[in-house]
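In the block that follows, a single chain appears as structure tokens, in the form predicted alone.
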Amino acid sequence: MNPMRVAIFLLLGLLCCTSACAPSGQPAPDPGAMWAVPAGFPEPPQPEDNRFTPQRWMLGRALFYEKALSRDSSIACASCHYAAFAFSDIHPVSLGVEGRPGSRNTPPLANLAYHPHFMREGGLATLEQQVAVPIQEHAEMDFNMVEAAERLAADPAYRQAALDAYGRQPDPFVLTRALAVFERSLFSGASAYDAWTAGYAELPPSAERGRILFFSERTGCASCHGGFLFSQFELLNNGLYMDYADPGLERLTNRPEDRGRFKVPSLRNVGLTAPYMHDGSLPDIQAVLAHYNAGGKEHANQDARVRPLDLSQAELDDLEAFLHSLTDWAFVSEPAFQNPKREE
């Protein structure tokens, strides 16, 4: 693991422990203010039957940190999605109940309200569908949604919260909807790059050179990682392997031409979300840049935009500096997104 990431992880863990020991009565965040679309971002769509409300957000945040959603009450959603790392994990794959390793790298959770589909192969259309997957997946939380709801329904606090949010007792509908409301509120758009875009600040020289390279026809980075989220969320094969152990989109379509095609991730907060790729096989940004600079492995399904770039090491360093300018430190340290038990 990158030593800098280890240091950040330990420091933020210490700060979290300090926060947890804060005196009771500390003001809780205003949940009504947590639907906060960043400046310059469009207003995202919301399901008509599951629009944001403070009550739904509060319930969803509690559920995100609730270990009772796992079969043995050992892990929560937050056990694999650390706020300090843009709600990603520091391991190639996360460990589920009984230490079972997952099959794919844990993706970050930011700006999900804009995503057109979910899962690494884009197989689910809504967050409400997606949040049920890790709860029921054998290698993750390994539980049954009905049993999970029954467990929470035995808690008077959850019963009241569900009534306040949805007018019904805790059930699978309530659990999936509330979790989706919380995750949909995780907006991130206050990076150094955003300050530069708004004209508030200049990028450091290396990051500015990297920005020019990133958006140039020479690299073509923005052809896959364009737009305000630095992705159009296409399903592409980026030539990571000649032989893919994980079939990607082919798992859903059974079409050989879809083998190795995965959802193009957003690059926002990419400096905090190592390791990279669908399987967490590339340890740092330099390894990712080296992969694209070499032009991939020339898999039969490799997208034509992945091609040798012949960039110098200095140019690769500039690209990395630009990618780090996409880190939103306010997002990853936002107290309202942390474990609500710290407010007790």
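Start at 1 with the first residue shown and count on from there. Since this is a predicted model, take the numbers as computed values, not measurements.
In what follows, reference is made to the form predicted in complex with heme C (HEC), a form of this protein that is not presented.
Partner contacts here mean any heavy atom within 4.5 Å of heme C (HEC) in the predicted bound form, and among 165-173, 199-207, 117-125, 147-155 they occur only in 117-125. Taking non-hydrogen atoms only, residue 276 approaches heme C (HEC) to within 4.5 angstroms in the predicted bound form. Within this chain, residue 225 lines the site of heme C (HEC) in the predicted bound form, having a heavy atom no more than 4.5 Å away. Although the partner is absent here, residue 80 sits close enough that one of its heavy atoms falls within 4.5 Å of heme C (HEC) in the predicted bound form.
Within 4.5 Å of any heavy atom of heme C (HEC) in the predicted bound form lies no heavy atom of residue 67. Highlighted residues 107, 130 and 303: every one comes within 4.5 Å of heme C (HEC) in the predicted bound form, counting any heavy atom. Out of the listed residues 90, 161, 190, 236, 236 is the one that sits within 4.5 Å of heme C (HEC) in the predicted bound form by at least one heavy atom. When you look in the predicted bound form, the only residue of 84, 264, 113, 229 with a non-hydrogen atom within 4.5 Å of heme C (HEC) is 264.
Shown here without heme C (HEC), the chain has only 214 in 192-217 lying with a heavy atom within 4.5 Å of that partner in the predicted bound form.
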